[in-house]
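Okay, here we've got a single chain as structure tokens, the form predicted alone, with questions on binding and movement later.
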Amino acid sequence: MRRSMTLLALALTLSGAAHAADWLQFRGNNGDGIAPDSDLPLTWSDGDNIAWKSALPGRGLSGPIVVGDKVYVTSSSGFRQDRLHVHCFDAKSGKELWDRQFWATGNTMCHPKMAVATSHPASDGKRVFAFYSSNDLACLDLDGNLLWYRGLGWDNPNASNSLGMASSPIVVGDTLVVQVESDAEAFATGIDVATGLHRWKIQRPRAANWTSPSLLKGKTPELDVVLLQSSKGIEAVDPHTGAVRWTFTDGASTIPSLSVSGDTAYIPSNGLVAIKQADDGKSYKTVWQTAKLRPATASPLVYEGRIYTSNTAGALACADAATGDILWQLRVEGPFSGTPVAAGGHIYLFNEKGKAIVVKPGEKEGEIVGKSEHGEAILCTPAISNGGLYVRSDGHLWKISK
């Protein structure tokens, strides 16, 4: 009852700023890649089910977010990708409303496949938080006015690598959780969304890491934890104080991020491991583990009681989320860097060559029900909001809609 009243109060507080159909961060509001929309097209092409296509400058792997009737996405331009952009588009027309630009204060070196604008932006429904591989963090209001700016690389100059950084921040209440982890220096921090000041900052294992934090809800709001993934495993931290509640020490991947569905976290660790936090919030228990569900670059997707992973061979595996038992596999055309998303009983995947693949999962097999070509490399995780599927390449942002 106490949790219900707390959640009701939070919903009432945010009702004026955020909408139920918003897509506020990497993998959506709940961080699970699932949207309530049920009427997305299965195929599209120029002039057919493409609501609009808008040009973007420079580079970018970051996915778009949607707040109300606006779409926000980041990019990086210039020879050194040291010009940082936050773009805002009208969700209905695709018209660019504004483009705010900043100079990077940190290291902009990255692998040719990546970009300085690789991390997804995030929003609390009132502000937009744009994070970059240079460890620059900008906070703007929804109209593009700069509220505060942090050069996290300025304070921590060794927290970078030559391949580029890719962790996407998440918003938990009034705290923005950011991971900045490299071989030389590594930390995670909780930042006050209103002021940009540290609420907490903890040291992390020194190793290159491209994964993003995830929220795992406990039996009560006081037991909610943010899961920080690294090669050493998982640290479950209090999102308000940074205090470590418990640790998972069996190691984890540094590229695909863990996924949370309900009270279960699915960790890329020697394959895939499903764990649940103990009722007292001080430990965890393992539900199942299998080496047969090893994700490549894309993070796992949990949808309607099943878990989906894509491997290096371009196969999509479907397993029972409760047991880990594989139900079927389907050959899809990889490789995939972006994590798939789901809505209306379908899974939407975009491969690195720019092909969209729509899969309808069945009881015993999956079926490819749609393929569409974009003609440009796509490495982002798309967004879904209000009957629209939003996806970007280096050059363009598309809205796919009936």
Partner chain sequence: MRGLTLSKVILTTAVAVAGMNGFSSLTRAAEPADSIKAILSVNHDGKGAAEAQQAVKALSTADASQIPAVLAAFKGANPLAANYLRGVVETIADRTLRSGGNLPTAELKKFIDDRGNDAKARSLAFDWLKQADKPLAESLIPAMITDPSPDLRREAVARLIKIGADAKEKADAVKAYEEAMAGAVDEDQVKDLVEKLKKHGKTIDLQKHFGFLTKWHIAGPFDNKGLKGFATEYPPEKGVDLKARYEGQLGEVTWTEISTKEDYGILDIAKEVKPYKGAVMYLTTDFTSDSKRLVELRLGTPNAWKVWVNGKELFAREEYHRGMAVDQYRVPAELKAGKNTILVKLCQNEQEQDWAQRYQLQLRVCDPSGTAVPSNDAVAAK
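Positions refer to the first chain, counted from 1. These numbers come from a predicted model, not from an experiment.
One more form of this protein should be noted, the form predicted in complex with the partner chain, which is absent from this view; the next part is about it.
Asks: Of the residues 125, 281, 151, 239, which one places a heavy atom within 4.5 Å of the partner chain in the predicted complex?
Replies: Result of the distance check: 151.
Asks: Please tell me which of 174, 96, 222, 250 lies within 4.5 Å of the partner chain in the predicted complex, judged by heavy atoms.
Replies: Of the candidates 174, 96, 222, 250, 96 is the one lying within 4.5 Å of the partner chain in the predicted complex.
Asks: Is it true that 271, 302 and 325 each have at least one non-hydrogen atom within 4.5 Å of the partner chain in the predicted complex?
Replies: Heavy-atom distance to the partner chain in the predicted complex: none of the three under 4.5 Å.
Asks: Looking in the predicted complex, any heavy atom of residue 155 within 4.5 Å of the partner chain?
Replies: Yes.
Asks: Though only this chain appears here, would residue 206 touch the partner chain in the predicted complex if you measure heavy atom gaps against 4.5 Å?
Replies: Output for residue 206 is yes: heavy atoms within 4.5 Å of the partner chain.
Asks: Answer yes if any heavy atom of residue 160 is within 4.5 Å of a heavy atom of the partner chain in the predicted complex; otherwise answer no.
Replies: Taking the distances in the predicted complex, the answer for residue 160 is yes, it comes within 4.5 Å of the partner chain.
Asks: Classify residue 102 as contacting or not contacting the partner chain in the predicted complex by the rule of any non-hydrogen atom within 4.5 angstroms, answering yes or no.
Replies: It does: once the partner chain is placed as it appears in the predicted complex, residue 102 has a heavy atom within 4.5 Å of it.
Asks: Taking the partner as it appears in the predicted complex, which of 328-336, 229-237, 188-196, 113-121 has residues with heavy atoms within 4.5 Å of the partner chain?
Replies: Stretch with heavy atoms near the partner: 188-196.
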